[in-house]
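Shown below, as structure tokens, is a lone chain in the form predicted on its own; questions about how it binds or moves come after it.
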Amino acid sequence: MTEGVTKQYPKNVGRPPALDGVSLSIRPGGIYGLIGPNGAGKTTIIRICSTQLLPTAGTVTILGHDAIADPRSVRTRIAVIPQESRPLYFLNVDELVYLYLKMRGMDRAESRRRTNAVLEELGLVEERKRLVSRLSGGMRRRAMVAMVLASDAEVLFLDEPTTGLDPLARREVWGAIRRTIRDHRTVILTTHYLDEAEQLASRIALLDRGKVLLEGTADDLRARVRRPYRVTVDSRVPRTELERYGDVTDVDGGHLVFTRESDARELALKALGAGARVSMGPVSLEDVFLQVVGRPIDDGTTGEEAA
């Protein structure tokens, strides 16, 4: 899909690029997750793949078409939820979805059928006659998700689709996204919610500072870290006694140790014998990110993603 894509914004010349040689191969008919902190390059790659932005270098192929040389052939077959999307405020929710489908060339009957179905699916039936201008930020986002999921597009680009949604609404969106791929459509999803990527994506790319650091299934990513088990121990066990077991990170009220499975068991037994509180298990995607990047995904550090 992309090969060696680089993006250097003119105002950031002399600084690291927003994207630095990103190559992604995305299989049709599944959900592909792009994870990383704000500024990792996720939005930039979505904008380039959806023909909204030209790369500085590299190639992009969507459904067999060159997205740089022939963007028109791509645009009729994709749908996009930009990260900073702003729906038309003078429409109500029903009109927003229905008119979008009509503009894509869908006939009146099919547009109405799909509008009714997606509003039901995403819990928007009671809001259908409310003006978009009167909706909360989270509800507007939900309406945008409904609009795109109802389309006939073969490839959907969803840039942080659940930002601002409450947990129940997030799960409703997850269910709708899963049902989307039953029609053999492809979803490219960006998120900094690692549980979202793990729940939805069949393959995941971990981005940071414009580069792909790891790529594969969630299990692949967990297996590729040096120490695939985590043990959390409260502060009753000194850090110096933990360091021989693996990599130690200070957390609230204690320490997090990344280690091998056999060492995890030994450490847990030792800590329990000292009267400490202990939890252990395989690493999560958040742990993978911490080990690979060296900081939490939500620490507020940003890269060069500004236009």
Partner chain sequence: MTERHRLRSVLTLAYLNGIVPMRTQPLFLVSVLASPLSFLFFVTIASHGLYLKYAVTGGMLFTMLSIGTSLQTDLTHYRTDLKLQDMVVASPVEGPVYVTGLALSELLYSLPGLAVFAALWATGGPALGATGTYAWPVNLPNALTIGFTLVIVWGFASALGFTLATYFEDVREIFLFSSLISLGLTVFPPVYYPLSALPAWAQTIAYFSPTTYAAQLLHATTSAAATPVGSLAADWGVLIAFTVGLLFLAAAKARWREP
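Positions refer to the first chain, counted from 1. In this text the structure is predicted, and so the values were computed from the model without any measurement.
Not pictured, yet referred to below: the form predicted together with its partner chain.
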Is L168 close enough to its partner chain in the predicted bound form to count, meaning some heavy atom within 4.5 Å?
no
Can you tell me whether V251 touches its partner chain? I mean in the predicted bound form, with a 4.5 angstroms heavy atom cut-off.
no
Proximity of T51 to its partner chain in the predicted bound form, heavy atoms at 4.5 Å:
yes
4.5 Å heavy atom contact, G123 to its partner chain in the predicted bound form:
no
Quick check on this chain: which one of H192, R75, R209, R222 has a heavy atom within 4.5 Å of its partner chain in the predicted bound form?
R75
Let me know the one among I181, V80, V237, L119 whose heavy atoms come within 4.5 Å of its partner chain in the predicted bound form, would you?
V80
Please state whether every one of the three residues Y9, E84 and M147 places a non-hydrogen atom within 4.5 angstroms of its partner chain in the predicted bound form.
yes
Given that the partner is absent here, state which listed stretch (256-264, 30-38, 62-70, 272-280) has heavy atoms within 4.5 Å of its partner chain in the predicted bound form.
62-70
Could you list which residues of 99-116 come within 4.5 Å of its partner chain in the predicted bound form, counting heavy atoms only?
L99, Y100, K102, M103, R104, G105, M106, D107
